[in-house]
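Next up is one chain by itself, shown in structure tokens, the form predicted alone.
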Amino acid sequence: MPSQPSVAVARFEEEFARLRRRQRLQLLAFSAIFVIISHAAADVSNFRLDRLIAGLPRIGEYIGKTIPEIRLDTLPGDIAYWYYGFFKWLGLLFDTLLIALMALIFGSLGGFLLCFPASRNLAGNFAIYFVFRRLAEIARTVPEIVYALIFVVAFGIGPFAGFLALTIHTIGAMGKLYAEANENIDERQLEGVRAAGGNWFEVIRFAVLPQVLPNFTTYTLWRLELNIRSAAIVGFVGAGGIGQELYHAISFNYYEDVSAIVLMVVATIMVIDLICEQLRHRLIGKESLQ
């Protein structure tokens, strides 16, 4: 008669083998589904490796056309010729930054107000949670450029349309990110405030905000960088800023203007990213860990 340890070992090995078989089957099923979906996606998007290989040289040719001829012996003059519209573009880029910043302020405020009833653990009622989650989805699902087209028709060409478009999209995106941060908090602090007699607003103030503010800060600063890029894009449909000038340069094949404007936008985003990184570290106290 087998001993109890040997029986336990046999059961463990049997259970382990069954678990391994189930994991293999799940992996095979997932791999098959992934291959089928990938093939369908490639077919719908008309993606083919031969087309990609054939098109890459043309991309290089276009980029080559946008880069001006710059020589060391005439470097200052070549740079000045390349950036002949620097101060005009700088003004439009500043407009883009202001659009992005204003959209961030109002959009983050809207997302902040939206996120608490859109959090499953804070809404208190499934109907409230469902309605506010769907509002956030509607706001962020529609692309900014579509909102911009609508507002350009309603309010005319200019920065105001871009500001409204980015604000609505920011509300939806920030509402979702903030709500997910709320749902990952330590529930014990909520229970403590409730046990002390705190109402819903006091729970938010004393139990939720101290836990989520670092995440809120990170998401908000990240959204500023994203809004700058989006503000440049909505300018393509007449919503103001540097994007409108970039679209004009692309449409009329002003190749050197395209590269000059794009480099200005890239440099601006890099600077903003570095500033936001330092600001984020200071706000969350990361500098104390270095």
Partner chain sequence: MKASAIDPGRIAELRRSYPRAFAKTPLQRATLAAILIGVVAFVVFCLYRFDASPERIWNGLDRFGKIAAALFPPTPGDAFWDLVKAMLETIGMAFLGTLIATCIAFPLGFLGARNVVKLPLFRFPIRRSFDFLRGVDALVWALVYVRAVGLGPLAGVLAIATTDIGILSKLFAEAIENVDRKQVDGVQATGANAVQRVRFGIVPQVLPIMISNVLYMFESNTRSATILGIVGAGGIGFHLSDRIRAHRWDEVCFIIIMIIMVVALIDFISHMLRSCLIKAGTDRALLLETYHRQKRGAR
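None of these values were measured; they are calculated from a predicted model. Here the rigid core means the biggest group of C-alpha atoms that line up within 1.5 Å when the two forms are laid on top of each other. Residue numbers count along the first chain shown, from 1.
The discussion below concerns the form predicted in complex with its partner chain, not included here.
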Open item on the list: in the predicted bound form, does residue 263 come within 4.5 Å of its partner chain, counting heavy atoms only?
Closed with: yes
TODO: Answer yes if any heavy atom of residue 112 is within 4.5 Å of a heavy atom of its partner chain in the predicted bound form; otherwise answer no.
DONE: no
Task: Any non-hydrogen atom of residue 133 within 4.5 angstroms of its partner chain in the predicted bound form - done: no
Open item on the list: Is residue 99 part of the interface with its partner chain in the predicted bound form - any heavy atom within 4.5 Å?
Closed with: yes
Task: 11, 25 and 121 each touching its partner chain in the predicted bound form (heavy atom, 4.5 Å) - done: no
Open item on the list: Only one of 67-75, 196-204, 112-120, 139-147 has heavy atoms within 4.5 Å of its partner chain in the predicted bound form; I'd like to know which.
Closed with: 139-147
TODO: At a 4.5 angstroms cut-off on non-hydrogen atoms, which residues of 33-56 are near its partner chain in the predicted bound form? List them in order.
DONE: 34, 37, 38, 41, 42, 44, 45, 46, 47, 51, 52, 55
Task: Cα displacement of residue 48 between this form and the one not shown reaching 2 Å, rigid core superposed - done: yes
Open item on the list: If the two forms are fitted on the core, does residue 65 show a Cα displacement reaching 2 angstroms between this form and the one not shown?
Closed with: yes
